[in-house]
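Consider the single chain below, provided in C-alpha cells and representing the form predicted on its own.
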Amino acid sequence: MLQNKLSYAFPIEASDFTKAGDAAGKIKKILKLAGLPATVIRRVAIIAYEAEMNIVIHSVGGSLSLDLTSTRVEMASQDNGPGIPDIDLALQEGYSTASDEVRALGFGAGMGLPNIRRNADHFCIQSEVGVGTNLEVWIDIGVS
C-alpha cells in the first residue's frame, strides 16, 4: 500500500477535442500501476473523463488534479469561467448547455455532473458565474 501521497496535475485546454480524454487516460494508467482494484479504477476513470470533458466543452480552460493516498483517490477540477448559474439544474440528468456544434461531435448529453456525483464517495461543487467552477471528489479505496 502507498506510504505517501502521490500528486499529479493535468492542464486542460478549452475546446481541444483532439486531446480530450488524455488526462483521464493517464489517470487510469497511474491507478493501474498503483495496483488499485478494477472497480475503483473504473469509477475514477468515469469521473476523470467527465470532469475533463466539462472543462473542454464549457470553460475557457482549467486543470484536473489527482492525489492518491493509501485510503482514497482524490480528484479536483478547476476551470476559468463561465461558471454554472444553477448547480441544481446542472446536476439533473439530461440537462446541458452544450452548443449545437459540441452536440454534433457527440458530446454534451447532460450526463457529466450526474455521472461524477454517482461514482464519487464524496462530491463537492462550487461555481461562480463569470469566475469558474471548482469540483472536488474522492473515492475510498476498497469501496466499490
Ligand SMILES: Nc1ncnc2c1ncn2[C@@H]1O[C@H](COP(=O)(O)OP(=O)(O)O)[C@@H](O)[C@H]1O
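The first residue of the shown sequence is 1; numbering continues from there. Since we're looking at a predicted model, the values are computed, not measured.
Heads up, the form predicted in complex with the ligand isn't pictured, but that's what we're talking about next.
Although the partner is absent from this view, residue 114 contacts the ligand in the predicted bound form, with a non-hydrogen atom inside 4.5 angstroms. Remark: residue 69 does not count among the residues lining the ligand in the predicted bound form, judged by a heavy atom distance of 4.5 Å or less.
By the criterion of a heavy atom within 4.5 Å, residue 39 is excluded from the residues contacting the ligand in the predicted bound form. Mapping the unseen interface onto this chain, residue 59 counts among the residues with a heavy atom inside 4.5 Å of the ligand in the predicted bound form.
Exactly one listed residue, out of 105, 30, 109, 76, brings a non-hydrogen atom to within 4.5 Å of the ligand in the predicted bound form: 109. In the predicted bound form, the ligand lies within 4.5 angstroms of at least one heavy atom of each of the following residues of 92-107: 95, 96, 97, 98, in sequence order.
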